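Listed next as structure tokens is one chain, alone, in the form predicted on its own.
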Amino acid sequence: MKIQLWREILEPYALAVEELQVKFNHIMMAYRRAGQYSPIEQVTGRVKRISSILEKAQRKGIDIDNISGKIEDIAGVRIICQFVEDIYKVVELIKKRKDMTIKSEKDYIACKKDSGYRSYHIIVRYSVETVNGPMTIPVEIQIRTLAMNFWATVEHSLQYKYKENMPERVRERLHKSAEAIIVLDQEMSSVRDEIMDAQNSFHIKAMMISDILNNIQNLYKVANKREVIKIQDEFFRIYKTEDLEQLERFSKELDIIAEGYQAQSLR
């Protein structure tokens, strides 16, 4: 198959990955903008390299002309969560969406692989608009915790290095580290509420400060400079106290001032 044909085949897969990354990142930011904890911590994506596709086709006995229909993980999106509980929340979010349909799913968390690998896999069908019209693409979505992802990345590198001949001593250490990852995830879940409260407070404060600074910047364009400097000094004073209630009150008062100047400019 010519390189140019490979590019044409893989282009819709790349488009599907790009669009899904944007959508899942939007979900994450929507939670945070609403001052809520997001079950999604990070989103990444990739299209399989041509060499990896050929290797898999050869291993599975798939004819090159049937690759698009037979290999379902050419397009891949990975969603990283902080806690195991978040993984199942993300699965439910995906199931409720109307822009993709689930073809299959595998829970390697409840039933981990013999190697120790843990993750939740979903194959979805997702439609993209190409120059030749709409096309439905299979996309593999992997959902896992940060700890699971670290282990899986290391294990994948070792599998690539040793192929089918991984030394037993290395395999045993991987198994032990997989068990340690399970314990780590359990420990993190035990303090989940405390972590969520702390992170929510951090995100709320960060967004509030961003809004205040934007308002002050806009006031420099329309208000008396001395007045704006006084407002700015007051902000820095409150900011140093680290008092979230004072900061929230200041933000609301500043919103009223900014709205007043905006109303004057519209007259």
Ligand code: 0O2
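The structure displayed is predicted, hence computed values, not measured ones. Quick note: we count residues from 1 along the sequence shown, nothing fancier.
Keep in mind that the form predicted in complex with the named molecule is missing from the display, and what follows is about it.
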Notebook entry, point to check: So, Gln21, Arg33 and Arg97: all three within 4.5 Å of the named molecule in the predicted complex by heavy atoms, or not?
Noted result: no
Notebook entry, point to check: Out of 103-111, 164-172, 83-91, 177-185, where are the residues with a heavy atom within 4.5 Å of the named molecule in the predicted complex?
Noted result: 103-111
Notebook entry, point to check: Could you tell me if Lys56 has a non-hydrogen atom within 4.5 Å of the named molecule in the predicted complex?
Noted result: yes
Notebook entry, point to check: Does the 4.5 Å heavy atom contact test between Thr136 and the named molecule in the predicted complex come out positive?
Noted result: no
Check: So in the predicted complex, does any heavy atom of Ser189 sit within 4.5 Å of the named molecule?
Finding: no
Next item on the list: Tell me, yes or no, whether Lys230 is in contact with the named molecule in the predicted complex, where a contact means a heavy atom of each within 4.5 Å.
Entry: no
Notebook entry, point to check: With the named molecule left out of view, which of Lys205, Arg237, Lys60, His26 would have a heavy atom within 4.5 Å of it in the predicted complex?
Noted result: Lys60
Note to self: If you apply a 4.5 angstroms heavy atom cut-off, which residues in 112-137 are near the named molecule in the predicted complex?
What the structure shows: Lys113, Ser115, Tyr117, His121
